[in-house]
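What follows is a single chain, given as structure tokens, in the form predicted on its own.
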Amino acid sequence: MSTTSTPPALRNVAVVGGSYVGAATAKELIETLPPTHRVVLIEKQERFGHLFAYPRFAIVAGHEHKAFIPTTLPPPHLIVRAAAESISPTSVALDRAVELDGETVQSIDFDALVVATGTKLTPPGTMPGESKQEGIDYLRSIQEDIKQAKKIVILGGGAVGVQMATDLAIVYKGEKDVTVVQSRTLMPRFHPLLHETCMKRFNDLGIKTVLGSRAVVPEGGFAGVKEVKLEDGRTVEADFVIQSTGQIPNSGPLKSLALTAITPSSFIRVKPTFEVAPFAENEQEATKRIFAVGDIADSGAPKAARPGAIQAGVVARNIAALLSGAPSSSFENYTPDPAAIHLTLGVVESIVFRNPPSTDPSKPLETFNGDPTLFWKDDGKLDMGIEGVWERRAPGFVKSEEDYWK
């Protein structure tokens, strides 16, 4: 007489957030986890949003549907379409009921969890809805507003603001009056040479700047305004305003479990191993299986996708060590590199810029040691090479142009 036994259920390693760093973390975990575990990626967006293309596709029509890419994970790993509401030491509560393993649940148990929720940008740096169609509709509405506008004011001189200003100048061939309002220098997280480079490019393209002051945001927003009032009393004429200021860290789900792990600026404090690092002793015990990576983590690393991808590998290896029973003292540490960026400066032209090292990592902008590196590129494409992004994110998915609409 033979008997069969049901194999034990797979245990979960949860990743909260499916943008660049969350997706990279899921991929690294899939390649690293033991066969007893699977990745459960928790992400509310219907499609992977290639947010680097949002600012361009808010200006240039005809490509907006390609900014939203279908993604899957190979079985037995899976994606759960939901947002995390709160985190406990062993489970994550969701904002909606989902189907998981044949049951309807609103929480997911885990043996380890990675918070990769990133930061929330102001649209068009991010999308206001969850579905592909909502994203397409939003980008098209901005395209039409820009088309009708004569005087465009961009609030914020970071990467989104600089890219949109230079793209507008190139695409509309100087037909638009474009002004960038920035409270500090342009690209303030970088060596001053990047500000100087951007200012020269602005001057060459006829883009105006108003530096050293912030805009006063009207109670009802900027819709229909004829001018932007600044905190120092100045005004700037406008018939369309694009907000590209600030990043709001999405650390809310962790606050009820580990409030002392949240920095005053709402990022998540982490060790060099990416283990969450609260001050309170009881919270340290509660978070010993919880990690944070990417923009949400206060790791000292630049807030960008490339360093986030490196962090994904570190945290995946540390979780594999955790699951094997290795002590945390054996975990791999991460050392941030200087900030670097590939910045579009008007459709075809772009620059690759890297800060020099700092003598004091706690004050990287005040202790530069050496000169930055900068080189120009002129191989940009109007669609930002989006079809290549599809092939990397969804290999073999596209068989015809119609597939980009799926």
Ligand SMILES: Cc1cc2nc3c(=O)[nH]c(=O)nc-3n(C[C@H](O)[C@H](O)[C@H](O)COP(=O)(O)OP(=O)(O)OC[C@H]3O[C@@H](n4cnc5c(N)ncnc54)[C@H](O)[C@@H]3O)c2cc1C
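Given the structure is predicted, the values throughout are model-derived calculations rather than measurements. Throughout, we count residues from 1 along the sequence that is shown.
Only in words, not in the display: the form predicted in complex with this ligand, which the text now covers.
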Seminar exercise, completed: Of Ala84, Leu194, Val241, Leu168, the only residue with a heavy atom within 4.5 Å of this ligand in the predicted bound form is Ala84
Exercise. Tell me, which of Ala112, Leu121, Ile79, Ala149 has a heavy atom within 4.5 angstroms of this ligand in the predicted bound form?
Worked result: Leu121
Problem set entry | Interface membership of Val217, this ligand in the predicted bound form, 4.5 Å heavy atom rule | no
Exercise. According to a 4.5 angstroms non-hydrogen atom cut-off, is Ile290 in contact with this ligand in the predicted bound form?
Worked result: no
Exercise. Any chance Lys255 has a heavy atom within 4.5 Å of this ligand in the predicted bound form?
Worked result: no
Problem set entry | in the predicted bound form, Thr32 touching this ligand (heavy atom, 4.5 Å) | no
Exercise. This ligand in the predicted bound form: within 4.5 Å of a heavy atom of each of Gln45, Ala304 and His342?
Worked result: yes
Exercise. Only one of 345-353, 369-377, 61-69, 48-56 gets a heavy atom within 4.5 Å of this ligand in the predicted bound form; which is it?
Worked result: 48-56
For this session: Output the sequence-ordered list of residues from 148-185 with at least one heavy atom within 4.5 Å of this ligand in the predicted bound form.
Result: Val160
